[in-house]
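Just the one chain here, laid out as structure tokens, in the form predicted on its own.
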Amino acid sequence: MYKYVLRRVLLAVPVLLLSSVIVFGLMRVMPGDALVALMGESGNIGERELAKLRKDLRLDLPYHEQYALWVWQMVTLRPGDSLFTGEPITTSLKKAIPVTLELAALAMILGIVIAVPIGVLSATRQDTPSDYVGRVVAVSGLSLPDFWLGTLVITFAAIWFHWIPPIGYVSLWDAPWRNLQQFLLPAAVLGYRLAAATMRMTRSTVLEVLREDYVRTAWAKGLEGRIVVYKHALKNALIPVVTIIGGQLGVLLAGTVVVETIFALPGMGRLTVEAILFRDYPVVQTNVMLVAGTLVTLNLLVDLSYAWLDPRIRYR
């Protein structure tokens, strides 16, 4: 087990390095000048002042030196300051990360709570009206884009119920009910897509396991249907489900960019969008690498969870 974890950690290093090269290169080939955006694109700043500002921010260095400096800052956990606001990036992340984590956690909980029971119900009642309804819900969730669904939810909530989510972020610890009002709709929009993919996989794997000999033996012994399904079949069917949930976490983190912007939540997604608009290189690069590191870690945890779900799996 330890050797396996060590190998995976070592393999993560080139993945993260490649991600850093890609995001660094993309930010440098974007049209526009970060310093012109910083000065409000007024065009009134002189060349001397612009050169001095570029030197102060170390943007006059060759690209390979800028890259090496940034990597060292990331390794030492000191990503520097925002070009646009001058605020330390760590301060901005301390404000934004809890918002995104709360949104992602709530969306994950909603998605799993909805997907697994409906997937099991569709499998145990195959080709019945319940199964058809569950399959239609799953296909709809995979087909509807988050930005369209989020806009639609806000529009119909305002028209039908004369209600819109509260504007202005409030912490869960300060006002739990108002916080829940702010996060329920965006979490439902994000969780719906996760639930759709998980629902289809749960149905497929449970159907496959229900045809296994040991499940038929459990039925033949006269065990209660619920015990057979949830104790014998579901646990063995969860490995592909856990895999797709782990993969959907990446989609979930990416989806927060759109949903946070639509619902005006000051999380990582909105911070990244604003940084891209102002060519704020350090903020964008730090956010992307933080997401990349999170995905690598989550994939490792998903792989390690297989051994708990299926004792036959051993890591060497």
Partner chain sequence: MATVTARPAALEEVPASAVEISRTRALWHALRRQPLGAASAALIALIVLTAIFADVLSPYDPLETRPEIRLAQPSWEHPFGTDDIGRDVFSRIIHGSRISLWVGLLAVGIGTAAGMVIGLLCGYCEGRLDLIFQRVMDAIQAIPALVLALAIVSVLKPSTTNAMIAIAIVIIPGNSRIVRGAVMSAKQNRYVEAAQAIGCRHPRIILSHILPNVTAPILIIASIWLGNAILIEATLSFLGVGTQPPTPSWGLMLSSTGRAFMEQAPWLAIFPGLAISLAVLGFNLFGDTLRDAWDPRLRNTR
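Numbering follows the first chain given and starts at 1. On a predicted model such as this, the values are computed, not experimentally measured, just so you know.
From this point on, the text means the form predicted in complex with the partner chain, which you will not see here.
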property	result
Output flag, Leu144, Ile154 and Val288 jointly within 4.5 Å of the partner chain in the predicted bound form, heavy atom basis	yes
Residue (of Val120, Met201, Val99, Ala107) lying close to the partner chain in the predicted bound form, criterion heavy atoms within 4.5 Å	Met201
The unique member of Ala158, Val113, Ile227, Leu184 whose heavy atoms fall within 4.5 Å of the partner chain in the predicted bound form	Ala158
Partner contact for Ala68 in the predicted bound form: the partner chain, 4.5 angstroms, heavy atom	no
Proximity of Ile244 to the partner chain in the predicted bound form, heavy atoms at 4.5 Å	yes
Contact test in the predicted bound form: Ala292 vs the partner chain, heavy atoms, 4.5 Å	yes
Partner proximity in the predicted bound form: Val136 to the partner chain, non-hydrogen atom cutoff 4.5 Å	yes
Partner-facing stretch of 71-79, 99-107, 202-210, 176-184, counted where any non-hydrogen atom is within 4.5 angstroms of the partner chain in the predicted bound form	202-210
